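Next up: just one chain, as structure tokens, the form predicted on its own.
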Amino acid sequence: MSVERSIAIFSPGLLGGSLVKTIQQRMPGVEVRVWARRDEAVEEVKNLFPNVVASTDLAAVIQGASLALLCMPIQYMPGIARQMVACDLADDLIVTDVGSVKGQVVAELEPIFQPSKAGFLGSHPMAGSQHTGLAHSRGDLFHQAACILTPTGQTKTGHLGRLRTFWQKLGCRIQEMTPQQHDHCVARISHLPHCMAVLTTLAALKQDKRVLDSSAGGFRDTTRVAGGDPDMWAGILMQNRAEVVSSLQDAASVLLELVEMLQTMDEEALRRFLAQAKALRDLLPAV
């Protein structure tokens, strides 16, 4: 039996649509509502999920909900949050998000909801794809994915336990960090890899796209995430820019080491360099 009676999802893209599918599979009997900005998106939701209430009317979607999830790009969350607090909210409403940055998101959204009956608690399910849009949503997207929760001193009593239960029901493994710890962590294991995929793509193809004719799996795997939505990733990188810059500076230092080894033909140092990378990569758990 779920502790949530009605779940409102704001913005039906890849993550929002995957939430609908997973909630319907794993939390039967819970009402699901979806808010979308455009009428066309509402119709797409209704066609794909006939049992879901979908509307462009934000007040109608949030009314009576016990849990609301913000699934739009993080730069648009504060504007939606301000609209939400002007609505009739349930006394037990928890608002969370699925954003890849937490420091600025929590700092902006907590004060918005503080005077209201609702409480905000940040979430980040480490699940996604380079693809975007409702058409790519999946019911197994959150299976065994890590989900990082970022409670603060302002988190309301009971909200952390309820949110842990919700994400666990969707199949996630729960971790807890401060918003600052989260942003440091994801800069290294998510934002830096995205930047390096972008850099590799540009360095390899900008001067001569014809080399693609000879590409194989290695290039495809290394650059996969560079196919992500530029608008979404611009927001992520700008909002976490201090941690991203720090990780890129470390990457630049390591790159210069590699360049120097090759220029000086230091094969022994190169072997140690590659072996160290392999040993660290081998620590990654098998999927």
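Residue indices: 1-based, along the sequence shown. Everything numeric in this text was worked out from a predicted model, so none of it was measured.
Keep in mind that the form predicted together with another copy of the chain is missing from the display, and what follows is about it.
Undergrad: Out of 31-39, 48-56, 247-255, 63-71, where are the residues with a heavy atom within 4.5 Å of another copy of the chain in the predicted bound form?
TA: Heavy atoms within 4.5 Å of another copy of the chain in the predicted bound form occur in 247-255.
Undergrad: How about residue 86 - does it come within 4.5 Å of another copy of the chain in the predicted bound form, if we only consider non-hydrogen atoms?
TA: Although another copy of the chain is absent here, residue 86 would stay clear of it in the predicted bound form, with no heavy atoms inside 4.5 Å.
Undergrad: How about residue 217 - does it come within 4.5 Å of another copy of the chain in the predicted bound form, if we only consider non-hydrogen atoms?
TA: Within the cut-off, so yes.
Undergrad: Does residue 200 make contact with another copy of the chain in the predicted bound form, using a 4.5 Å heavy atom cut-off?
TA: It does: once another copy of the chain is placed as it appears in the predicted bound form, residue 200 has a heavy atom within 4.5 Å of it.
Undergrad: Would residue 213 sit within 4.5 Å of another copy of the chain in the predicted bound form, counting heavy atoms only?
TA: Flag for residue 213 set to yes.
Undergrad: Is it the case that 11, 24 and 82 all touch another copy of the chain in the predicted bound form, with a non-hydrogen atom of each within 4.5 angstroms?
TA: The answer is no; none of 11, 24 and 82 reaches another copy of the chain.
Undergrad: Counting only non-hydrogen atoms and a 4.5 Å cut-off, give the residues of 207-235 close to another copy of the chain in the predicted bound form.
TA: If the 4.5 Å heavy-atom criterion is applied to another copy of the chain in the predicted bound form, 207-235 yields 207, 209, 211, 212, 213, 214, 215, 216, 217, 218, 219, 220, 221, 222, 223, 224, 225, 226, 227, 228, 230, 231, 233, 234, 235.
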